[in-house]
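Take a look at this one chain, the form predicted on its own, written out in structure tokens.
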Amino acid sequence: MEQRIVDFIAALRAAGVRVSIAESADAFRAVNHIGVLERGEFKSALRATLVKDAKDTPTFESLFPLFFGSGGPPLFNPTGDLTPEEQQMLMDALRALANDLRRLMEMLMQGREPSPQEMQRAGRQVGLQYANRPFQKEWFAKRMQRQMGLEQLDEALQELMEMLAAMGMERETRERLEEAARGNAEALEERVEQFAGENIARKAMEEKQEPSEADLMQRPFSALSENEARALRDMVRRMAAQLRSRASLRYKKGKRGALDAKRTIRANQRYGGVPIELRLKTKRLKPKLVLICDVSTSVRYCSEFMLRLIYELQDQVSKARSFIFIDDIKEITSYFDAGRPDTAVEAVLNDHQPGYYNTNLGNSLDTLTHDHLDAIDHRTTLIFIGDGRNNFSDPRADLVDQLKRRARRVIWLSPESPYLWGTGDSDMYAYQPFCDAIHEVANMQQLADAVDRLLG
């Protein structure tokens, strides 16, 4: 019960009710004093300690039955008054029903509550685990009731009563059984609604909880909720500052000239190996980048965060040009010339929504080599961001080979694990021979590490 009260308080907070730690402690003290046997007093104790504003009362009233039940009657077992012969008739008639209806009718005729496992299985079958809005409760409850066969109750009862009549059961007994089954069906519907509402409240509560930064960094892009994606966007600027500090430190070392041990040893052979003349490494040049980003639905988050990171680090890059593609390629560099990275990325994604057209990198590469080949020269690091899936179109790996010959290096950032390469419409194995490096970037930590290596 204590854990249930804790979950109830968390659900109130998730719904916008302000409940302090002191008020939570008051609630537990009140429950310890009053107990849970008297439902009305128990509810009044929680309301008095947890609700301080009248406008929060409807929220409390809607969530309370989801966590502590509505006080409805339990399922009733009507077979206690049957004679052994009548019980045998009922068992025989139930066994004659189809499998899907037999399970339901056994539950209703024996007054058996559904087990938590049965409720969870019915919930999973209708996708309840993805519901997180209170208004979805009735819709999912109806779907679960349909999954359990409650929509076929009239048909099943009629079939069962006809079989019992054929076996010789008296009419009065049959009517009593039917009435009890219908009463149990109403109680079962109430249980299902309560189960759906409680699960939705728990899901909303979990999504409302602020994840730690460490968790967010490891969370796969494909599993981010909208709240988590928003929190991750807020972290990008701080992350860019950290990467900038590391890159600046490396740049200063390069500018000052770090010791080149091999060249120093070679230069001092004539002095018997005594390092009289030092040789320093030449200073590092800032990279020139061209980004080609897949912004289809499956890769959109990865491309978004990559663009945000790179353009937050513009001072570490000598020049950057960016292109996006779904079925064809478009240059988006001008967006970043006109505004800050966060507003530019938002505008790019708003202006280029994924539609019903298929991803086609082969066609996009054809346009790039035809219209924008001047963007790539011997100083350019060419970066592809995508999963290499072409919907079974020609991947045009020959054009990647052509671009590699012009560029300094080709880097591919893929949100997909190498285990998935070559499956379905994946053409990653066709592109792999022309890449200097391929990094898996399924989460923010992997993406930050890849950018750090890029600037190193």
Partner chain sequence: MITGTHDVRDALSKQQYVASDEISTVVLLSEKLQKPILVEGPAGVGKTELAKAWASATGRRLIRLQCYEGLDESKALYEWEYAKQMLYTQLLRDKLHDVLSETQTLAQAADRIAQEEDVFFSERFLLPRPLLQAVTADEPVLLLIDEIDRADAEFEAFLLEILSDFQVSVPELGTMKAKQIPAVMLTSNNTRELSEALKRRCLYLFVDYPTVETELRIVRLHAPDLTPQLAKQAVELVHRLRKLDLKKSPSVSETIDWARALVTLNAQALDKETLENTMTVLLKHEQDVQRAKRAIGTPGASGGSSKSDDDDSVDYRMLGRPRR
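In this text, rigid core is short for the largest set of C-alphas that superpose within 1.5 Å between two forms. Positions refer to the first chain, counted from 1. Since this is a predicted model, take the numbers as computed values, not measurements.
Missing here is the form predicted in complex with the partner chain; even so, the following discussion is about that form.
- With a 4.5 Å cutoff on heavy atoms, residue 130 does not count as touching the partner chain in the model of the complex; it lies far away.
- In the model of the complex, the partner chain lies within 4.5 Å of some heavy atom of residue 54.
- Contact check for residue 374: every heavy atom lies farther than 4.5 Å from the partner chain in the model of the complex.
- Not displayed here, the partner chain is kept clear of residue 440 by more than 4.5 Å at the level of heavy atoms in the model of the complex.
- Distance criterion of 4.5 Å from any heavy atom to the partner chain in the model of the complex singles out 30 from the list 30, 420, 399, 36.
- For the candidate set 227, 334, 222, 125, a heavy atom within 4.5 Å of the partner chain in the model of the complex is found for exactly one residue, namely 334.
- Per the 4.5 Å heavy atom criterion, the partner chain in the model of the complex is contacted by stretch 19 to 27, the sole one of 428 to 436, 6 to 14, 441 to 449, 19 to 27.
- Across the proposed site, 106, 263 and 394 without exception lack any heavy atom within 4.5 Å of the partner chain in the model of the complex.
- In sequence order, 44, 45, 47, 48, 49, 51, 52, 53, 54 are the residues of 44 to 61 having a heavy atom within 4.5 Å of the partner chain in the model of the complex; the partner itself is omitted from this view.
- The Cα shift for residue 22 between this form and the one not shown, taken after rigid core superposition, is 2 angstroms or larger.
- Annotation: Cα of residue 423 displaced by less than 2 Å between this form and the one not shown, core superposition.
- Once both forms are fitted on their core, a CA shift of 2 Å or more is seen for residue 39 between this form and the one not shown.
- In contrast to the form presented, in the model of the complex the C-alpha positions of residue 263 and residue 408 spread farther apart by 3 Å or more.
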